[in-house]
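Take a look at this one chain, the form predicted alone, written out in structure tokens.
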Amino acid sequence: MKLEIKRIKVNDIIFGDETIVKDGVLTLNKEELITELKKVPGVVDVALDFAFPGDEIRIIPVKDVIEPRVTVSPKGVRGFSGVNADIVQLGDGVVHALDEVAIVTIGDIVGFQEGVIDMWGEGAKWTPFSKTKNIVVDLKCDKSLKPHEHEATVREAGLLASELIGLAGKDCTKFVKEEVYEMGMPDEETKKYPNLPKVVYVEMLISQGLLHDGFCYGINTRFTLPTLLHPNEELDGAVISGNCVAACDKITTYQHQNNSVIKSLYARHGKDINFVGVVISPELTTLDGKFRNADFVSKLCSQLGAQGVIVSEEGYGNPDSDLVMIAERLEKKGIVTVLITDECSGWDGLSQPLTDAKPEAKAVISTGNVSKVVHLGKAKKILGDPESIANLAGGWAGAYDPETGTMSCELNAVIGATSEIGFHNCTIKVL
């Protein structure tokens, strides 16, 4: 498979008479976009705004972040396969992406685990989306919708917005960067690199219902077994977020489209490792489900001949058990296993970081403490409802002070703060 992602430089975003990219300026026809988004069943009203890096703007409560793109080859492919478009095989072709531009959906709260993005100050340090030029889509939904219907409506509207805005780059011919991801099937790559260790990436996805679901080719992963993907499929939009898991480690659709682990492994493929595939593994709530998925992950990695496996988690709490169960099974087969997870260590950082442990889970990369409290300054402009922090994971009643405009919360409430695929701003300092 060969996937080319050609990135279009966007210096500014404005409203105008047509939706187009020209001379580094992305122009959006506001009325047309709102008209199209209001066609999504359940959407009552839509407002559009912008938030740029350094602006003293707070966005809350954030539901998802999506990169606007358009597929230019094969022709006729639009949207997200199996979600808001026909089912097509992803991972081959040419994609134009609006570089460092993001669609951010907000609106009435769906579940308590949504989040906040600050574009400046202390809050900007903790979210990767303080660095993107954000098109904020504020969605008002039919009040009669049930929570799951509400989530689906917002998800569909956000994906549609990214598709419609991505079309602006269809005819662009100048690019700031061109990324090429090319890899054959595992047996082909092994023939090319017979002496390199085979490495598999296992990506755990929240798949627990209760507004905690990921999707692959439009299928809720709660109803699937662990599945082998070509790395290009995820980079091409096969995996999307449909969950309201804690904002800090929710893997947004944007992060799936730009998965840090996949890109890092690709950079080393053919040099010091043979990157043979991605296994997505559902995180279920039942003990039988956890056993079944851990067994299947172990089997798939063994069938691929893996000598090393990287496992990333999504969320924390009971998924910690899935994480260490997978490590136990892989290590007992002689497969070197490295885990990526965040910690829930309390405000003082002294509590037990994970809810489960196994002696085989011995190589662990921490992406930070979700319980760390941060204090956020007064915004000049708020997109959304700051009072919603009282209902978000990591927030509490009184966390927002309307008199001073300041806000306090745990990193739990900050979108992408402790991303367990490494798509965040935290680093480790070795003393």
Partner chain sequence: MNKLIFTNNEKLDGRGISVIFVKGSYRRVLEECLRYLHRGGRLLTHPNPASIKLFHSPVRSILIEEGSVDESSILLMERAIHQYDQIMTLHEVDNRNLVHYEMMDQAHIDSALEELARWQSS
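Numbering follows the first chain given and starts at 1. Since the model is a prediction, treat every value here as computed from it, not as a measurement.
Just so it is clear, the following notes concern the form predicted together with its partner chain, a form of the same protein that is not shown.
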| property | result |
| --- | --- |
| Segment assignment from 187-195, 133-141, 75-83, 345-353: heavy atom within 4.5 Å of its partner chain in the predicted bound form | 345-353 |
| Complete contact of Gly111, Thr286 and Asn391 with its partner chain in the predicted bound form (any heavy atom, 4.5 Å) | yes |
| Distance check, Gln307 to its partner chain in the predicted bound form, heavy atom within 4.5 Å | no |
| Contact flag, His230 vs its partner chain in the predicted bound form, heavy atom cut 4.5 Å | no |
| Proximity of Asn318 to its partner chain in the predicted bound form, heavy atoms at 4.5 Å | yes |
| In the predicted bound form, Ala51 touching its partner chain (heavy atom, 4.5 Å) | no |
| Sole residue of Val104, Ala246, Met204, Ile117 within 4.5 Å of its partner chain in the predicted bound form, by heavy atom | Ala246 |
| In the predicted bound form, residues of 206-241 near its partner chain [heavy atom within 4.5 Å] | Ile206, Gln208, Gly209, Leu210, Leu211, His212, Arg222, Phe223 |
